[in-house]
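Starting off, we have a lone chain in the form predicted alone, written out as structure tokens.
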Amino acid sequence: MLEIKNLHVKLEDEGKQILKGVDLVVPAGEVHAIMGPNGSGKSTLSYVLSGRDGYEVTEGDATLDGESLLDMEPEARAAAGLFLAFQYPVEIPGVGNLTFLRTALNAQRKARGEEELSSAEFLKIVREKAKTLKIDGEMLKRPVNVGFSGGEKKRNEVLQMAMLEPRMCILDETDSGLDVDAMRLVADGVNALRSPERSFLVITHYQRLLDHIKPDVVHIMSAGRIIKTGGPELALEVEQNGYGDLLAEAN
């Protein structure tokens, strides 16, 4: 599914090297978590995979189903099945939630050579999926994320994910700013999307999210590299002891 080989990335403006040889493979159907201290390069990795401006790949590659993501425009990466849930979802004033969702979904269907959904078909699907995430009709009519609470923004992103049905989902600190109830609701929405054909890369600081979204594999990232990989018990080790021992072990 997702394969990252020796990925080196620097900031375009400053020339500062952020990623220093990341190697990572996420097979189809698996959930992998990346944890690490601030400044380790976790969010940078998600930005580079999704095609955000401001970063220069100086070495290595990242492929999805054998095709290089780095050669694609961001919209092509989305059509290929990549989805990024932001740490801080942006507000889009003047664009209704339903309009945004239908436009995004049909743009991807068109790019894949599929027929666009009619208004009736789209409304039936979106209402069913919104109901499971406790998103009411009024929330669907509002401009995208405008005036939404942190929990509403994250639920709205999970709804986008449920509608677009991506093959590779990257969650960049999606638990940031969520209370326990909101986090559980978001996690339930993510878990409902787990399937043998869909993979997840969950970037987080805390074990608490991984109590709800059970990872198959946990990676520890530091100073632009993955320094250790293990099972879910690795996240518990970090929760109990911090990163100190792992960082010392890697040096």
Partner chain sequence: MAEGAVLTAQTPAVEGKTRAGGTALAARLEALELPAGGFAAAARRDAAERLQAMGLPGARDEYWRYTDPAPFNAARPEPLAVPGREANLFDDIDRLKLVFVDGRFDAEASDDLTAEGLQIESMAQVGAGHWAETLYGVLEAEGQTPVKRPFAVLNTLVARDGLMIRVTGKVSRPVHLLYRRADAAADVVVHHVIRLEPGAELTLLETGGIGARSNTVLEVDVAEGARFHHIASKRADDARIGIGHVFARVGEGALFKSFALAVNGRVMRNEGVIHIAGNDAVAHIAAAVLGDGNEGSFHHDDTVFITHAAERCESRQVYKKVLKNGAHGIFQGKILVKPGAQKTDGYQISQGLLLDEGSQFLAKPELEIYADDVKCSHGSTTGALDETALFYLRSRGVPKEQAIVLLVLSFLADALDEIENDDLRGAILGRLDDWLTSRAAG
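Source: prediction; values computed, not measured. Positions refer to the first chain, counted from 1.
Below: the form predicted in complex with its partner chain, not depicted.
*Asks:* In the predicted bound form, does each of 83, 104 and 145 have a heavy atom within 4.5 Å of its partner chain?
*Replies:* Result yes, every residue of the spot touches its partner chain.
*Asks:* At 4.5 Å between heavy atoms, is residue 94 in contact with its partner chain in the predicted bound form?
*Replies:* Although its partner chain is absent here, residue 94 would touch it in the predicted bound form, with heavy atoms inside 4.5 Å.
*Asks:* Although the partner isn't part of this model, could you tell me whether residue 37 comes within 4.5 Å of its partner chain in the predicted bound form, counting any heavy atom of the residue?
*Replies:* No, residue 37 sits far enough from its partner chain in the predicted bound form that none of its heavy atoms falls within 4.5 Å.
*Asks:* How about residue 74: is it within 4.5 Å of its partner chain in the predicted bound form, going by heavy atoms?
*Replies:* Answer yes; at least one heavy atom of residue 74 falls within 4.5 Å of its partner chain in the predicted bound form.
*Asks:* Should residue 78 be classed as touching its partner chain in the predicted bound form when contacts are defined as heavy atoms within 4.5 Å?
*Replies:* Result yes; residue 78 sits at the interface with its partner chain in the predicted bound form.
*Asks:* Can you tell me which of 160 to 168, 177 to 185, 134 to 142, 117 to 125 lies within 4.5 Å of its partner chain in the predicted bound form, counting heavy atoms only?
*Replies:* Careful reading of the contacts points to 160 to 168.
*Asks:* Tell me, which of 50, 63, 207, 222 has a heavy atom within 4.5 angstroms of its partner chain in the predicted bound form?
*Replies:* Answer to the contact question: 50.
*Asks:* Taking its partner chain in the predicted bound form, which residues along 190 to 214 bring a heavy atom to within 4.5 Å of it?
*Replies:* Contacting residues: none.
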